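Here we start with a single chain on its own, the form predicted alone, put down as structure tokens.
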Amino acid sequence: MCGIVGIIGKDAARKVINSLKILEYRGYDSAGIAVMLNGRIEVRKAAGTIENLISRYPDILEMRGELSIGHTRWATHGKVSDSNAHPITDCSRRIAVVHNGTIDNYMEIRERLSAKHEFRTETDTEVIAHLIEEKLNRGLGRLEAFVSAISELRGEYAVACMFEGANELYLARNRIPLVIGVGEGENYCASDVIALLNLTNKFIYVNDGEFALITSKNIDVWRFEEGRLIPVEKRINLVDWSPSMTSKGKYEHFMLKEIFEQEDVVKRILMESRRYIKGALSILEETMKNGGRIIFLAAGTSYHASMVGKYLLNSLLGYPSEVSIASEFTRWNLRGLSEDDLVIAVSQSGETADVLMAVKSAKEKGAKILSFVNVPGSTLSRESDEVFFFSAGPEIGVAATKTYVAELVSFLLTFTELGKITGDPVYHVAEALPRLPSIVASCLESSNRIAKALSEAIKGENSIFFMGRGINYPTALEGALKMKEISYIHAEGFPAGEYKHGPLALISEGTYSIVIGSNDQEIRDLLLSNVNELKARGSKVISVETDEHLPSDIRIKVAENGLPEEVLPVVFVIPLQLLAYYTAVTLGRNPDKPRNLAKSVTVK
């Protein structure tokens, strides 16, 4: 979950710092850079944010070396401290390393090297620097020492390394994202393409088990097999995201900007994503024709979107499917998986470790993979048989907002188009889709003011409860997730029918309950009973509805009455996103950088 940047070119340190600021969503426990100055490695690092690093070392932006590596840390091994910040150096400080991932056998290596090497940190990363140093001391050259050292590691890693006196950047990857940026007279590396959009739109994706050596003019990539390096031909990929996508513009936070981008995101999916839909439709049709299992696979917010996807596939096309949390998939869902089955893997980044591990296990059983993913060139997209890029653009706020809505709309579009092929045309949904951008825009406008006002009322709460039924039970889960992850108020989502089976014991006088409405008459009647039960116990009920059906204390009215039930999750989640955002801001939290969390969970 850490962020890595490496640059060989003019003014490298300043460029690394600027790129690290964009990558800070990947980790903001500490930050640091190493710069080659007059043939020697200079390291500047500190606990805290990048701004803290710059204020600690005012000279950092004026360091004029042409080789630099940098890092933003999300702590796994060792507490948050100056010493544990990256880059990490060897005994003589001739080698500097930055690393994302976890080394499983680091204690074994550390014990073996500790007699000869001075360990100064609590990190697993430090064994990499000392192991490379040990190989150099035995007479190996830089490349051979780097490859030999990395080959002894067990675990997952993306590593960038520099050596004193050499304007070269050494890279290795195993199950952790790493890309190479191609420039004019300079080259780059990073954990994510968005870190380098200000410098290039040309990228090479490093695969698992590959090594690379970068200079200002050349890029060489190898894989290590049977004790030797075998050159790998790599394709340069063009990414059409613009640098402006990584700025906050007029907004105070990325999260608010990304919430308000949802109108354009929905519009773009409906207008442009049809170029990706053909493969998705083909693999879905084949699976259904063969009677194969369909399993949605995801984590976090994408898991909630996948729950909606399951409802949609069943209600629109009458085809049963399953939803699995990625981290649990390999234990419970692999038995009986076959080549007739389809795994629908859903991920914003396409780099989530649990999802990738589950996809690998499913492929070993012969299952096909259809991925819904935001980032072009991501590992998940390269591991899939078919890909639907929902193209929401870079999402920098840690709390997923526009990508959740993008996933929902992508499912709606795909399954309505599939219905035309399978003979189940769902006209009521298909006719509503073209109106979705304007409906989302109206919802943003109407929800913004009331969400801001409500945040003042709920900011002092210890717990807030969300509930919904049917296709909007996942909406309740997502609303609760947004509230707790950025405001730090305890929040839980429940199926409304389950409140009487335990959660109702948590309701007392003044407790806030947020009820997600429905346009289905049967569900409405059931929700009416649930709300009355809550109010009878003193709960303050906030409802999200398209009309005035529920006897709530506070009503957030969104969209239009009569909107198809299947479309409601797209609009009902918006006021919940805004409510979480304004509550966090009212409490003085930074919604873009919630404590203990990072955007892309790339470690187990």
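Quick note: we count residues from 1 along the sequence shown, nothing fancier. All figures in this text were calculated on a predicted structure; none of them were measured in a lab.
The discussion below concerns the form predicted in complex with ligand AGP, not included here.
Residues Ser349, Ala400 and Leu481 are all found to lie within 4.5 Å of ligand AGP in the predicted complex, as judged by heavy atom distances. For the options Pro495, Gly377, Gly393, Gly300, the residue carrying a heavy atom within 4.5 angstroms of ligand AGP in the predicted complex is Gly300.
Comment: ligand AGP is not present in this chain, but in the predicted complex one of Glu485, Glu383, Glu134, Asp520 has a heavy atom within 4.5 Å of it, namely Glu485. Only one of 448-456, 182-190, 144-152, 292-300 lies within 4.5 Å of ligand AGP in the predicted complex by heavy atoms, and it is 292-300.
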